[in-house]
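Next come C-alpha cells for two forms of one protein chain, structure 1 first, structure 2 second.
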Structure 1
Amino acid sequence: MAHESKLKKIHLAARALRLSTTETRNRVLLKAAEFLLEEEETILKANIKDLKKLPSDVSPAFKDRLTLNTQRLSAMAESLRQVADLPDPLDEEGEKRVLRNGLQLKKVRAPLGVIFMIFESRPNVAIEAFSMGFKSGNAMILRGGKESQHTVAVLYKILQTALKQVGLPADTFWGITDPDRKIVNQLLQQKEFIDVVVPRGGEGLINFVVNNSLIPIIKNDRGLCHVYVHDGADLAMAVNIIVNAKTQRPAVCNSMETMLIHSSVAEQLIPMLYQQMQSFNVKWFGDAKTVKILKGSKNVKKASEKNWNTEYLDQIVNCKVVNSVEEAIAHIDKYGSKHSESIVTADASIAQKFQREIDAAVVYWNASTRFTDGFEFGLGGELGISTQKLHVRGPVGLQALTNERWIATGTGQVR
C-alpha cells in the first residue's frame, strides 16, 4: 500500500493528539506565528522563486493569490494568534441522557482524526488550514498547488519546527511537496488511515476528488448565489444589497451571480441597478424582458442557458424578471449551488416561505450574500464553505472539524 508506513505514523500521532491539552496546541500555533515573522526573508525568497517560475499566461488574480509580502506574512502570523485565542471545541459536552437502567450517556466532542486538505496555490491557505485543523486536535496532511511548492516547503518546515519545539511528534503534520499529482490519487484510496478529505479549489479539483476518493469529503464547492427582489421591496435597499453582493469582491464564492427581479418592480429597479453597476463596468446578461427594459444600453446581452449556470467570479451578472416568489424559488432550485441565497422584501410571510423552501447553506432576508464567511459569522475563521448536505453547511469552522461521540458510564448494566 502506498505510503503505508508514513500513514501509520500519522495515525499514531493523531492518537497522541487526542490526549494533548489546549495549551500545548496553542503553544504550537504561537511558535509558528513567531517563526513566520523570523523567517520572513527565507519565505519571501522562496516565494520569488515560485513567482519567477509562473507561466506568463497565468491571470493577475492567480499571481496575486500566490504572492507573499511583509504585510501578508504578518496577517498570517496574526491569524495563527487569533486561532490560538479561539475556544477549544474539544471535550465540549452535548446532549446527556440517563437510561432507565441508570446508564449515563453523554455526547462529547472529539477530533475527526487525520484530515487531508488539498488546496490551490495560495500559501496563506496552508497556514489557515493547519491552524484550524490542528487547533481542533487533528493530524493534518496538506498538499498545495504545485506553483507554490517552494513557498509552502518553507512554511511546512516552520510548522514542523514549531511542533518539535513544543514536543509533539513531527508526524502530527505532513506537508507534501511532491509536485506529482499521483500522490493525491494514492492518498484518496487510504480510507483506513485518512478520516476526511477537504478539497478546496476549482471545479476540476473538486470533481477529481469526488470521483476518486474512497474517503468522506467536506466539499468546498462553487457558489452560484442569487438575490431575489420581491414585489413592494424597498428599492434603495435592493440596489444597495445587489450592488454589494455583485461588486464588492466578485472573485469570491459568496458574491452574487444572478438577480431575480419581480415584474412589478422591474421597470423601475433594473435601470437603477444597471446605472449603479456601470461604475464597476459590470457586464450584464439578461432575459428578454431585462434586455427590453435596458434597450440601447451597451453593456447588456441576451442570456443563454449557459449564463444562468455560470459562476463568473467576475464583474459580470445575470438578470431575470420573474412573476412570483415561486418562480424565483424554482429558478434558484434549478441553478443554485446550495451556497447563499437572498430575498429582499418587506413581506415577512414571503421571506419565511423563501427561507424555508430554498435549500442552501445560508438563506438571507434583506442582507447581502457576502456575509457567508467564517470570520463574519464569528466562527473565528473557516476552512472553506460547505455546500454539501452532511456534517456541516456553510462556513467550516473549528466545530466542523470535530464530531460528537457517545461516552457511556455504567455500574455493570447488561441487556
Structure 2
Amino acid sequence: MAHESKLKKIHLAARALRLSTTETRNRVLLKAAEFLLEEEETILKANIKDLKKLPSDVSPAFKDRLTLNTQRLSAMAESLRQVADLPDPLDEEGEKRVLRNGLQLKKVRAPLGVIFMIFESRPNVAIEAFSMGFKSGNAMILRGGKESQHTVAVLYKILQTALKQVGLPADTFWGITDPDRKIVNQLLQQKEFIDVVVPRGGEGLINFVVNNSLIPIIKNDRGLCHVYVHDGADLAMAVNIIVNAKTQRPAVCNSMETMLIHSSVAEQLIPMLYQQMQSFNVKWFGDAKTVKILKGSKNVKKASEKNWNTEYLDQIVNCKVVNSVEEAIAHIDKYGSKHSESIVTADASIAQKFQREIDAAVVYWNASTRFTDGFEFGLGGELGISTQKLHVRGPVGLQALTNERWIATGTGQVR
C-alpha cells in the first residue's frame, strides 16, 4: 500500500503522544491559535482561491460553509484556546474495586489511538477536529474535500509548525491535501494502523464510509431536525425558536428542516412564521393544510414524500399540520435522523413524553436545535455530532475521544 510507511510512523507517533504531558499538548494548541491570527492574510487569500473555483450555480448556503473571514478565524483561534483550558481526560480515574483476593482494579482513560477524519467543505472543521483529537492524546489524519483544498493546506501547515515548535513528532498529524478519492479508499482498509474513522459531511460521504470501511466508525449522520409546536404553546416563543433554528445558519447539521404544527394553532402560527421567514427568502414545502392556510403566498409548494426526507442545508423548510403529539412523534420517528429534535409547549407532561419517546442524540424543550454543538455545550468544540448509539452520542467532545481501560495491581495473585 502506497502510504503504509507513513501510517507506520503515525502509529508509532501515537504511542509517543500518549505519553506526552497535558502542558505540552496545550502549548501546541496555543501556538496554533497564535499562528492562525498571524497568518490571517495567507489563509484568507487561499480561501478566496477556493471560493473562486466554486461553480456559479452553487447555493449560498454551501458557499457560506466554505467561507472564512476575520471573525471566523478569531473564533477558530478562541476555540483552540478554550480546548487548551479544558481538563485533560487522559489518565482520569474512574471506578475502583478490590477483589476478595486483594487484586486492586481501577479504570483509567486512554486515547483511542489514530483517528482518521474525513470532512467536506468547512475548513474550520480541520482546526476543531485536530484540537479535540490531539488534546485527548490521539494522532490525527485529516482529509478535507476538494472545495477547501487550498484553505486547509495552509491550516495543515500551521498545525505542523506548531507541533515542530513545541517539539512533538511531526508524524503526530497528517493533513491530506490530495483530492484523489483512491487515498480515502485505501486508508479505510488500514485497520492495523488506524483505530477510528470519523466521516463528517453529507449523506453521500457517510454512506460511502459505512459501506467501505474496515475500521470502527463514529458516525456523524445528516441532521434532519424537527421542531414541533404543541397545542397551547407560547406562539411568540415558537416563532423565535423556529426562525432561529431554520435561518440563523441553515447550512449546518443542527438547523431545522421540518416544523410540525398542532392543528389548534396552525391557522394563527403558520402565517406568523411565513411572514418572519420572508426576509430570509425561505422557500416552503407544506402538506395540504399548510398550502391551504398560505394560499396565494409566493415560495409555497405542496410537499412530496421526498421533501419530508430531505436535509436541505439551505433556506428551505417543510411544514406539516398534525393533530397530536403522538402524530408528531410518529413523523419524527419515520423521517428524523436521530440528531436533534425540539418541542415547544407549556405543558410539562407533554414535553417529558416527547423527550422520553423521541430517539435522538439531543431532545429539546422550548429551545432551538441550533445549540447542538460542542462549543455551545461547553465541550470546547467537537469532532462531530454522533447519531449512533455505541460509544458516544451527541457532540463528540474530549472524553468521547478516549476510552476506559482497566489497571490491575496485585501481590502475586493467581487463578
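Basically, rigid core = biggest C-alpha set you can superpose within 1.5 Å across the two forms. The first residue in the sequence of structure 1 is number 1, and each one after it adds one. The structure presented is a predicted model; accordingly, all values stated were derived computationally and were not measured.
A.B. asks: 1 or 2: which is the form predicted alone?
C.D. replies: Only structure 2 fits here, because that chain is the form predicted alone.
A.B. asks: After the core is overlaid between structure 1 and structure 2, has the C-alpha of residue 89 moved by 2 angstroms or more?
C.D. replies: Where the cores coincide, residue 89 shows only a C-alpha shift between structure 1 and structure 2 that is less than 2 Å.
A.B. asks: Taking the rigid core as reference, does residue 31 move its C-alpha 2 Å or further between structure 1 and structure 2?
C.D. replies: No; that C-alpha moves by less than 2 Å between structure 1 and structure 2.
A.B. asks: Treating the chain as two rigid parts, how far in degrees does the smaller one rotate relative to the larger between structure 1 and structure 2?
C.D. replies: Domain rotation angle comes out at 11 degrees.
A.B. asks: Give the C-alpha shift of residue 377 between structure 1 and structure 2, in Å, after superposing the two forms on their rigid core.
C.D. replies: Displacement of the C-alpha, rigid core superposed: 3.0 Å.
A.B. asks: Superpose on the rigid core and then read off how far the CA of residue 267 has moved between structure 1 and structure 2, in Å.
C.D. replies: With the cores aligned, its C-alpha sits 8.1 Å away.
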